[in-house]
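Given as structure tokens, the chain that follows is alone and in the form predicted alone.
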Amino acid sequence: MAVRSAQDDGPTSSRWDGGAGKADFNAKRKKKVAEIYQALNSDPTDVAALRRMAISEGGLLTDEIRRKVWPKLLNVNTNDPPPISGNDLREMSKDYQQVLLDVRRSLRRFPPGMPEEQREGLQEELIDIILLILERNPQLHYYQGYHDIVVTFLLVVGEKLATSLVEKLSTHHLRDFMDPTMDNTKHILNYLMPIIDQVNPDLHDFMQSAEVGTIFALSWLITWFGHVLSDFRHVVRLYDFFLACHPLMPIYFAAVIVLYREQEVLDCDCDMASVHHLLSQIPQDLPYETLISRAGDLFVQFPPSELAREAAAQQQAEKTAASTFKDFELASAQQRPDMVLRQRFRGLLRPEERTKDVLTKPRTNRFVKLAVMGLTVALGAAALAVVKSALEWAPKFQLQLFP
């Protein structure tokens, strides 16, 4: 049983909170809700349209809608819940003690003011979900931060459905994080700097000179930002986006956060400690809708296949979850999130621009980054205004200790 109230389901963008007038806001919201239910009631379900709704401005709007749409995005049959284990998982699981410690530290992930008895009951359910998924999938290895993802699903969709959704997610989007080693996690983190380099070579070079690395983004990625964002509305908005996209999308979103904070970074002392401290403290007032749109635009302009050489050898890239995602795609090419996003991106370009989807980055021109970000802002604004746009996909990771 889901526990979040309707008042927690509000939109996260200023464009959705009445900025254009309450009447306009209500009309846009009502129109989007109608389009979502039309897609849900289609035979077969119009998954491509649901992806567009999850990606476009405001996301899926309410938890009631998420409970219906998230299973469709993950291709999970809600009428076939996972069987209950007959084993005493808490006695048998090698991960129980660590899971218990992590769950006990998860108090801030529950709605403020929740009665202690109810919160403790949900924490017990959280432990059971995690242990059951690990028992049913012995190839998966628990990592600290996994519980931050599971609790998000638990609060939105309830225990039974959360178990089914997280199990599918764990064997696809999160698969690389759950390897016995961090090799694939590190490989995915290695995509961060090439993305930044494509958009803003000066920022990239500054970070390289500071030798800051990418570890500051680890907890962002392996928890889908659930561990670092305090407002649950922002967390579920990002989950709408990531569930509708390629497994590598979180790394693109991490990149646009860094790009958005360019001036703060460049104002730092050029040393690892200073830059790492700044970037590891993620702002809570980010312009989420704008950044979501930019992340989608950058995915289209600089897809993982074009960044693979810079991130690592292509042979290693093929071992990550981005390749295993293929068996998870729906049969119809029209339902593929990358197809949806590319169609939106190309449709927003002027005819003379459609011959060059990828933006170049001459290092001799510091202002190229301004042109790039200006284009992504324009595309993002158009996409968000139309509420019919679609974005794409992103990477995966594994574990590490963090507070």
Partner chain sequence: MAQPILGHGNLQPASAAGLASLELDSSLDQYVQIRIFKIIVIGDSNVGKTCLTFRFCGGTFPDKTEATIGVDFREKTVEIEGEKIKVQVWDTAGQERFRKSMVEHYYRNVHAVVFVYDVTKMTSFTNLKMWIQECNGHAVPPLVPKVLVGNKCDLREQIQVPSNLALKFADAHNMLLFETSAKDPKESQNVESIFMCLACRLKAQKSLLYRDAERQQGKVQKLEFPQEANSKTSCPC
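Just so we're clear, the structure is a prediction, and the values are computed from it rather than from any experiment. Numbering follows the first chain given and starts at 1.
Another form exists, predicted together with the partner chain; not displayed. Remarks below refer to it.
- Residue-level contacts in the model of the complex: of Ser106, Asn190, Ser93, Thr171, one residue has a heavy atom within 4.5 Å of the partner chain, and it is Ser106.
- Comment: the partner chain is not present in this chain, but in the model of the complex one of Leu155, Val199, Val212, Val256 has a heavy atom within 4.5 Å of it, namely Val212.
- Looking at the partner chain in the model of the complex, residues Asp128, Ser164 and Leu291 place no heavy atom within 4.5 Å of it.
- Looking at 142 to 150, 76 to 84, 191 to 199, 282 to 290, the stretch with residues near the partner chain in the model of the complex, meaning non-hydrogen atoms within 4.5 angstroms, turns out to be 142 to 150.
- At a distance threshold of 4.5 angstroms between non-hydrogen atoms, Met178 is in contact with the partner chain in the model of the complex.
- Although the partner is absent from this view, Glu135 stays clear of the partner chain in the model of the complex, with no non-hydrogen atom inside 4.5 angstroms.
- The partner chain in the model of the complex comes within 4.5 Å of no heavy atom belonging to Glu306.
- By the criterion of a heavy atom within 4.5 Å, Met182 is counted among the residues contacting the partner chain in the model of the complex.
- Residues Ile222, Thr223, His227 are the members of 221 to 247 with a non-hydrogen atom no more than 4.5 angstroms from the partner chain in the model of the complex.
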